[in-house]
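First comes one chain, alone, set out as structure tokens in the form predicted on its own.
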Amino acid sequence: MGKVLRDLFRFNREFAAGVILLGFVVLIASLSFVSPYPPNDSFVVPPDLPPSWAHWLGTTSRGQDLFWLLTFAIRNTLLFGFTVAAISRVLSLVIGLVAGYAGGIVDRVLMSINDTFIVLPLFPILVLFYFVMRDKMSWILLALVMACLGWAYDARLIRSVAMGLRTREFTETSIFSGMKMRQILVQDHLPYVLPIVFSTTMNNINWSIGLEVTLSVLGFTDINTPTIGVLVYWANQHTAMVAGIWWWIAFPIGLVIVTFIGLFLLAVSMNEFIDPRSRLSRIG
């Protein structure tokens, strides 16, 4: 895996640019651990100050330093995206590998469940979930619900790869040697789907962050936990653009766009690496 990452960074400019952009975002998020201001405290600094040397990104109408508030917001947004992606990757891996390897009735049952989740309208379901669980809505609860709804597309992709691996000679050799299904899936099949998992993980993080930002801007999440969407929500509540406090919206949106671009470049570069022809063409 280390050699793969080294070759990608060396020969693929998209991958290198994505790593640099995402590293910058992670650096901003890590500064939240040394913030002089708690994220939920208001009026700790003068409100509505434009960017300056004293306050690099300005201050909000709630008397918060936007730079330090943004470090907490992007940290929570990244954690949200990685949490959703990690849980949904486990679901998609287990269901995709088992369905592709087992075949028969197991495959038909699992794919029937998979197709049901594919056709579900996610956004209306999440809005309905907010109104049902409004009093108990939390960051982790929303992440769990989105993870349970966001695995189906990738499970079908992993299943298609597993179906091809099932007929390979090394799989038959493992069966004849007495290996159990769990051992075959983990030791023989999992390494073949890891590049696909990495690529779909980047796309899933982008999807989950985008959906969380959308829900937060509309107020359909826990507005007491600072995220990028919650920052924009409070800016809209205080009519920041009308009042000329453009930095309250511009900097959070700019940072989340950098995050989207970094994750997109990583996904595109990994898709190119999966294709042997484009990989050989890139390396030369």
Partner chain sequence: MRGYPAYLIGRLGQFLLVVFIGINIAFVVTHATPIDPVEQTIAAATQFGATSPEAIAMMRQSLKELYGLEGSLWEQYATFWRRVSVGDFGPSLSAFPAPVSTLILRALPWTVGLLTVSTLLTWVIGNLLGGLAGYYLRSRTLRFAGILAMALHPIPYYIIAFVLLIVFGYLWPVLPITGGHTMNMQRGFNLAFIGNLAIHSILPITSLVLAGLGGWFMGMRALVSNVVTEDYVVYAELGGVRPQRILGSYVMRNALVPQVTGLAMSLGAIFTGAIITEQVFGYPGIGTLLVSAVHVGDYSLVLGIATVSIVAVSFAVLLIDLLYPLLDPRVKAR
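Residue numbers count along the first chain shown, from 1. If you're wondering where the values come from, they're calculated on a predicted model, not measured in any experiment.
Just so it is clear, the following notes concern the form predicted in complex with its partner chain, a form of the same protein that is not shown.
> Within 4.5 Å of its partner chain in the predicted bound form, heavy atoms considered, which of 44, 223, 31, 241?
Replying inline: Contact residue from the list: 241.
> Is residue 105 one of the residues lying within 4.5 Å of its partner chain in the predicted bound form, judged by heavy atom distances?
Replying inline: It does not: once its partner chain is placed as it appears in the predicted bound form, residue 105 has no heavy atom within 4.5 Å of it.
> Looking at the partner-bound form in the predicted bound form, is residue 17 within 4.5 Å of its partner chain by any heavy atom?
Replying inline: It does not: once its partner chain is placed as it appears in the predicted bound form, residue 17 has no heavy atom within 4.5 Å of it.
> Would residue 22 count as a contact of its partner chain in the predicted bound form, using a 4.5 angstroms cut-off between non-hydrogen atoms?
Replying inline: Because no heavy atom of residue 22 falls inside 4.5 Å of its partner chain in the predicted bound form, the answer is no.
> Should residue 139 be counted as a contact of its partner chain in the predicted bound form, where contact means heavy atoms within 4.5 Å?
Replying inline: Judged by the heavy-atom cut-off of 4.5 Å, residue 139 is well away from its partner chain in the predicted bound form.
> Of these, 64 to 72, 250 to 258, 35 to 43, 22 to 30, which stretch puts a heavy atom within 4.5 angstroms of its partner chain in the predicted bound form?
Replying inline: Going through the listed ranges, the match is 250 to 258.
>> Using a 4.5 Å heavy atom cutoff, which residues in 112 to 140 contact its partner chain in the predicted bound form? It's fine if the answer is none.
In response: Those in contact are 112, 113, 115, 116, 117, 118, 119, 120, 121, 122, 123, 124, 125, 127, 128, 129, 130, 131, 132, 133, 134, 136.
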